Every structure is written in structure tokens, then in C-alpha cells.
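Quick setup: one chain, the form predicted alone, written in C-alpha cells, and binding and motion questions come after.
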Amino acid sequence: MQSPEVLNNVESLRYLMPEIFLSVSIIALLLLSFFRREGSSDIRFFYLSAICVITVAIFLELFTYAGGQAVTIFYGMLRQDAFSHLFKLICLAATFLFLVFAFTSRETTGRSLRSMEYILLIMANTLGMLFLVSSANLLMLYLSLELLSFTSYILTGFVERDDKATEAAVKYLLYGGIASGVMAYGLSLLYGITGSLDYFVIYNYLSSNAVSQSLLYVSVIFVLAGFGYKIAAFPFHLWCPDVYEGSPTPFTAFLSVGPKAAGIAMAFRFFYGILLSHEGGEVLDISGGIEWPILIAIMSAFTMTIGNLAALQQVNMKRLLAYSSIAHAGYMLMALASHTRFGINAAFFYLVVYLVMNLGAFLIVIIVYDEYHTDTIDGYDGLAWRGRQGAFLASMFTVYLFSLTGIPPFAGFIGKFYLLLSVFKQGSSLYWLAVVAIVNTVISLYYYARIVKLMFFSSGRKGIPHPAGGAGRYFQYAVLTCLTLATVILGIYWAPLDNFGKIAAGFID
């Protein structure tokens, strides 16, 4: 395999325009915040500024790569290719929708989250995600992950005098600190084995040299702890329900998609870039001599099972969606465990679909909390009978819930079909994982359908009108409509998204 083109610092700058623009914007808005006045119009200006910055960053990302050749920049620290480009767009889209949700949510704008620092931390968090998905060096991977993690800790506990938020932030910090330390030790072992931090050099070393398999196993397991913590996979998921419940709902929605997408991209970049052969057919050979895919498969099975079983017992909507998010992390790990080229395609496809349907579901939760001040499942009792707006919300929520379950003709069905197909392409050794995923899909139908039943077939609050919404509420309804249309359309016509997934899978070559 030929060494990729490596650029020096000056030559690399033109490939990093979105990150540079985002960094400069953070500094500029920070300086501008020193002269801000306290007032609702002032914070709205900063929210709109952040939305504009993310929008420009999306366009810069589109034009910076523009289908160009893959390059390794800053002397091998980062790799810009179709894989990083597409996953960056997912992360930027998640941030854009979060800012829109936060801008229109009373829960966010009516509390201590009116602070400009909150917006700046979100932008810094996004910067960490962008670096993480394109990291091609162990040191860069760790630094990017820490930037993403530390800003997440602060954002979780940002609400003043909120016991739930404080408890969630402490748990998040403790679990994250332990996982980070374990991962750092695993990376140091890998460096000690191969003598390099560069992915390409590590891959070549493992492919051509005999190494201690026991030591390599320990290194991979420790690194897997860091990955598992970031995507809330078993047994590193315990922070997730408390953080989702204690955080403001818009930030919970962001956590469920943005950092998860970055974590999945980081895992594929690491395992596929270092521990798999870059040559061969659909099923890629394992380099280094350790059977790490079976570890991922076991983690996947436990993650989806525990997530779905725990969700059955929940009475809080945000905790239910937290366990649902854990289960979906387990589904996505199936693609990683398959160690096939199609697995990259399947993971990218499902992440885009998950972004659309999960953020749509969380937007419903945001609106219901704003209007009825409840985040319990019982608060959705008879929602469809609370006027036209209540019927609209219940109908939209039903689409998202059925899509999350994997029922046709919604996008979630095609997404899960792709994940199962990646397992089948690997061969009979992982058929058992497909069976576990199908059983878990049936289990998830129970708690998703229970919410639908409560909204449409319960009359406990029948006749209670939905409060009239202002201009911001109708803007939320417009976003809901767009997300719902995307959920339906991608379940009927998904060829363009499949083509992008195939492009992303090309990074292995």
C-alpha cells in the first residue's frame, strides 16, 4: 500500500477552512460578549450569529472538499477524505438543528442558559467533533476526544441551582474521566508496541510484524472503553440516562446525535484504518492477529438488549429516549463488528436516518415540555385530542416512533435493513447477532407503541386544548414537517443517501 500524500502546515491550511472559520468565530463572539447587554434581544442576536456561523461552516465544508483527492494534513495529524467530509456534515447538521431548537425553546432561553458562554461551548464542542472524525494520529484522536468531552461535561451542568443537572454532570465527569484514563493507557500500549502514533505507520507495522497478541488485546480493550463511553455502549452506558434527564432537552437531543456520530466515525477510522487489511474483497481481513470483531459483536448484543429492556420500565420520556439511544448505539455497532466495506456504508446511512428521526422525536418532547411543563410519559395522555395542534404533534411523533422501531415505509426500516445486511455480508459467524437485533426490534415496538396508544387511545385529558403558539412555535412546526417528510421520503427513495455511503466507504482504499 502506498503512503498517502502528506502536507506540511502551510499547505494544510486550505483543507481546514471550516475549522479555522469556526475557531475565529468563537474568538470573535467571545470578544463581542464582553460588550453585550443583558436582555432577550441580545441573546437572540448571539443565537442567530451562531446559527449563521454553523451555516457558513457547512458551506465551507462542502466547497473545501468538493470531491477532491484524499490528503493527510499537518504532517499526518488529520486526514481529509470523503469519510471525514460526510461525517463532518452530519456533526454540523446536528449542531445547526440544536441551535434552532435552543433558539425556539422556552426551556433554554428562559433559564440561566441565556448565557453567551453556553453558545460558545456548543461551538467549541462542534470543533472537537470536526477534529475527531478526521484524526489520523493517536495523539490527535485523544486531544479531540478530550475537547469534545470537557465541553460536554460543562454544558451538562451549566444550569444553575438544578440538582438533577449537577448530579448528571458529576456522573458524566466521573465516568468520562475513568474511561479517558483507561483509553489513554490503551493508546500508550499501542504506541509502545508499534513505536508510532500515526495510523498508517501502525497499520503497516501490524501487517508486517509479529506482535504480542495478549498485549495487543489489552490495548484494544482499553481503547474500546473510550469508544464505548462516547457512544454510550454497554458497559459504559450508565451515565447516559441521568445526563439525558438532567440536561436541558435541546442539549439532550444534541448529545443523542452529534457526539454519537463523532464517536462512531472515530471507531471506524481506528479499527478499519489500523486493524483491518486495506486490500481484499467485501469482507476485510483482520491484521494484528486478534479477533476484535467478536468483542464488538458481544458489546453490540448487550448494548441493544440492555437499552431496550431498561426502556420498558421508564416513566420519564427523556430517560426512555436515553435508553432508546443506547439500544440504537448497539444496532450501529453491528456494522463495525461486520468488518466489511458495506459496514461503513450501513453505519453512515443509519446515522443520517437516526439524526432525522431522533431529533424530530426530541423536538416533540421540547414542544410538549414548553407548553405543558411535563416530561413524563403520562403527560402525553390524550395528546391527539388537544385540538389541531395536539393532533399534529401526536401524528408527527407517531412517525418518528415507528421509524425508530424500524417499521416500513419509514426510513428507520431501511436503516436497520442496511445494518442487518452488513452482518449477513460478513457470513454465518454473525448470524446470531442479526437474530438478537431482530428480537430487540420486537421488544422496542412495545414501549414505542405504548406511547402511540397513550396519545391516540386514551381520553384521560381529552378535550384539554393545546396552548396557542407564537411565531417561534410555528417555526418549530415547520422544522417538524421537514424532518417528518425526510423520514418518509428516505424510507421510499434512499438511493442518493446510499451513494453517499458508498463514497464514505472508499476511505478504506
Partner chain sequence: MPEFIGEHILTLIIFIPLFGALALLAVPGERHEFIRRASFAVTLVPLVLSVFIFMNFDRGASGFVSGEGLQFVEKYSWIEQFSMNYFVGIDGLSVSMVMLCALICPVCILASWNIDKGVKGYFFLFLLLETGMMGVFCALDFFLFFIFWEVMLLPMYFLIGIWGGPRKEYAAIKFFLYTLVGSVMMLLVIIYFYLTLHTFDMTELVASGSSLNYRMLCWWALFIAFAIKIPLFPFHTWLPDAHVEAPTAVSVVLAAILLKMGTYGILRINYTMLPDITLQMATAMAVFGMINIIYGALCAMAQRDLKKLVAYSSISHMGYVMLGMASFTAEGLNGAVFQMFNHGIITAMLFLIVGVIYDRAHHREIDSFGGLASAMPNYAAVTFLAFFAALGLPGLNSFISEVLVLIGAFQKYRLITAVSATGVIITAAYCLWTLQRIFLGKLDEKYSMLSDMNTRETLSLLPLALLVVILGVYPHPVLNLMQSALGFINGIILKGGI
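Fair warning: this is a prediction, and the values are worked out from it, not measured in the lab. Positions refer to the first chain, counted from 1.
Not pictured, yet referred to below: the form predicted together with the partner chain.
**Student:** State yes only if every one of 354, 380 and 392 has a non-hydrogen atom within 4.5 Å of the partner chain in the predicted bound form; otherwise state no.
**Tutor:** No: no residue has a heavy atom within 4.5 Å of the partner.
**Student:** Which among 414-422, 256-264, 132-140, 165-173 is in contact with the partner chain in the predicted bound form, heavy atoms within 4.5 angstroms?
**Tutor:** That would be 414-422.
**Student:** Which pick from 48, 445, 479, 28 sits with a heavy atom within 4.5 Å of the partner chain in the predicted bound form?
**Tutor:** Spelling it out, the residue with a heavy atom inside the cut-off is 445.
**Student:** What is the one choice in 309, 286, 147, 438 with a heavy atom within 4.5 Å of the partner chain in the predicted bound form?
**Tutor:** Checking each option against the partner chain in the predicted bound form, the one that comes within 4.5 Å is 438.
**Student:** Is residue 75 a contact residue for the partner chain in the predicted bound form, using a 4.5 Å heavy atom cut-off?
**Tutor:** Output for residue 75 is no: heavy atoms all beyond 4.5 Å of the partner chain.
**Student:** Taking the partner chain as it sits in the predicted bound form, is residue 177 near enough to touch it, meaning that at least one heavy atom pair lies within 4.5 angstroms?
**Tutor:** Although the partner chain is absent here, residue 177 would stay clear of it in the predicted bound form, with no heavy atoms inside 4.5 Å.
**Student:** How about residue 292 - does it come within 4.5 Å of the partner chain in the predicted bound form, if we only consider non-hydrogen atoms?
**Tutor:** It does not: once the partner chain is placed as it appears in the predicted bound form, residue 292 has no heavy atom within 4.5 Å of it.
**Student:** Is there a non-hydrogen atom of residue 492 within 4.5 angstroms of a non-hydrogen atom of the partner chain in the predicted bound form?
**Tutor:** Within the cut-off, so yes.
**Student:** Determine the residues of 377-415 with a heavy atom within 4.5 Å of the partner chain in the predicted bound form and present them in sequence order; the list may be empty.
**Tutor:** Sequence-ordered list: 385, 398, 402, 407, 408, 409, 410, 413, 414.
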